[in-house]
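Quick setup: one chain, the form predicted alone, written in C-alpha cells, and binding and motion questions come after.
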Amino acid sequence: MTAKYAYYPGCSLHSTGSEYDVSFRAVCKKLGISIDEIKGWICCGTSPAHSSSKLLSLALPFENLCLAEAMGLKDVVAPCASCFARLKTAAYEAKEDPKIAEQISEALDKPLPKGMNVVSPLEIFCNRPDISKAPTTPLPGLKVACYYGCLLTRPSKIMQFDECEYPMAMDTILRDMGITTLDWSYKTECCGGALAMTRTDVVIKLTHDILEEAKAVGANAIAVACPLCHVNLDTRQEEVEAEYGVKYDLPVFYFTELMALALGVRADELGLQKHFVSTETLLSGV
C-alpha cells in the first residue's frame, strides 16, 4: 500500500521558494508518492515566534499537526528545514513534558494529536529502494556540493535525522540517480539565515565561506534542502562576489530540482528561471 503524507508547504514554498514546491510535487508524482496539502494550514511561527514566546512557538506548529490529523493522516512531510525543525520541536517538547502539552492543548482549545510523524522529503526519498531503479536522464556534467544547513540535523536528539555533523541522505539520493556529489567539510555550516534582515554583514561572510569551500572542492553547483539557505547562497551570490572580489557563478538548486531533471521533467517546468544565478549554461552541457 502506498504511503500517504500530509504535506505542509509553509510560507516559503508558496512564495519565495515556490520552485521547491513545484519540484517536490513533480518528483512525488514521478515516484508515485501520495501527498495531500494540509487544508487551512497556518504559519509555523519559525524565528519570530520562538524568539518571543515559547508557548506560541509550540502552539502554531501543533495547530498544523491537528489539521493533519483531521485529514486522517499521521505522517507529515515538511520540505522547509525551518518548518521541519519547528514541527519536530513542538512534537518533542509535548512528548517530553506533560505540563507543556497541557498548556498547548489549552491554548488551542483542543486535544493534541498522538503519534504524529514529521519527516523531511530527504527521509521519504532516502527510504525508497526503487530510487536507483527509476528511469533517469543522465546529468554527467554536474559536480554537486550537497549543503544541508544547520537546521536539518540539529539538535540531534530532536531532529533524529541522518548523521548530525556529516549527513549523507541528499548525497545518497542524488548519487543513486547518477548525479556526482562531492565530499566537503561545509555540509552543515550555518549560512546565517536567521540574520538575513538584521546582520547582512555576517550573512555575507558566512555565505562567502560556504561558496568558497564549494568552489575549492571542484563543485559547479550546490544542492540545498532549505528555502532560507537557497536565498542566501543564490540571491546574495552577486553581492558576495562584489564584496570579496571573486567570481563563483555557482548555480544553487533545490535537491528536488535535480531529482526532477534526472527523472525527465523539463527544466522550464521547474521554475529554474527564478534563480538569480543562471542554471542555463551548466544544464546546456549535461
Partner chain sequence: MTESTTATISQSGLAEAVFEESGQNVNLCYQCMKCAAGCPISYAMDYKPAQLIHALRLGMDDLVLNSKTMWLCAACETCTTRCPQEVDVAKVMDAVKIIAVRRGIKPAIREVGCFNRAALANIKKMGRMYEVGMIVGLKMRTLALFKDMKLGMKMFMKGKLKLLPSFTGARRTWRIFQRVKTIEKKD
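Residue numbers count along the first chain shown, from 1. Bear in mind the structure is a predicted one, so any value in this text is a computation, not a measurement.
FYI, the form predicted in complex with its partner chain isn't displayed, but the following is about it.
Using a 4.5 angstroms threshold between heavy atoms, V217 stays clear of its partner chain in the predicted complex. At a distance threshold of 4.5 angstroms between non-hydrogen atoms, A267 is out of contact with its partner chain in the predicted complex.
Shown alone here, L263 lies farther than 4.5 Å from its partner chain in the predicted complex, counting heavy atoms only. Taking the partner from the other structure, its partner chain in the predicted complex has a heavy atom within 4.5 Å of a heavy atom of L56. If you check its partner chain in the predicted complex, you find no heavy atom from any of A91, K95 and M116 within 4.5 Å. In summary, among the residues A134, M71, C164, A101, the only one with a non-hydrogen atom within 4.5 Å of its partner chain in the predicted complex is C164. Contact with its partner chain in the predicted complex, defined as a heavy atom within 4.5 Å, holds for exactly one of C190, M168, L182, C126, namely C190.
Contact annotation: its partner chain lies within 4.5 Å of heavy atoms from the stretch 204-212 in the predicted complex, the single such stretch among 136-144, 204-212, 168-176, 117-125. Contacts of stretch 142-181 with its partner chain in the predicted complex, defined by any heavy atom lying within 4.5 Å, are made by C150, L151, R154, P155, S156, C164, E165, listed in sequence order.
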